[in-house]
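Form predicted on its own, single chain, as structure tokens, below.
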């Protein structure tokens, strides 16, 4: 029988570890002073391409940029 005393608090709050670590990272970035804050915020931007496949062949890729909402 597993004990619930060893459950991490982020799990007992219904979060995944990724969600918890993203919240912590945002808090740290917001505590930084300029110019370090702007540099850290720029590093979190993500760019990627998405290609749909039709009949086993990739179609024209679409470039996406997901940036966290402030």
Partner chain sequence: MFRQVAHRLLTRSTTNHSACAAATILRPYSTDVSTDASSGDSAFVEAWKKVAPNIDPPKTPIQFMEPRPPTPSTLPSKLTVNFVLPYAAELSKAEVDMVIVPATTGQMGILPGHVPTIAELKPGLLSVHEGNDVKKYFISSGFAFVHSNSYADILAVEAIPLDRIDPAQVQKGLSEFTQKLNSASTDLDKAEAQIGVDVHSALNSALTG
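In this text, the rigid core denotes the largest set of C-alpha atoms whose superposition between the two forms falls within 1.5 Å. Keep in mind that what you see is a predicted model, and the values were worked out from it rather than measured. Numbering follows the first chain given and starts at 1.
Another form, the form predicted together with the partner chain, is not on view; read the next lines as being about it.
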4.5 Å heavy atom contact, residue 28 to the partner chain in the predicted bound form: yes
Close approach of residue 38 to the partner chain in the predicted bound form, 4.5 Å, heavy atom: no
Residues in 8 to 35 with any heavy atom within 4.5 Å of the partner chain in the predicted bound form: 9, 10, 13, 15, 17, 20, 21, 23, 24, 25, 27, 28, 29, 30, 31, 32, 33
Large Cα move at residue 45 between the shown form and the other one, threshold 2 Å, rigid core: yes
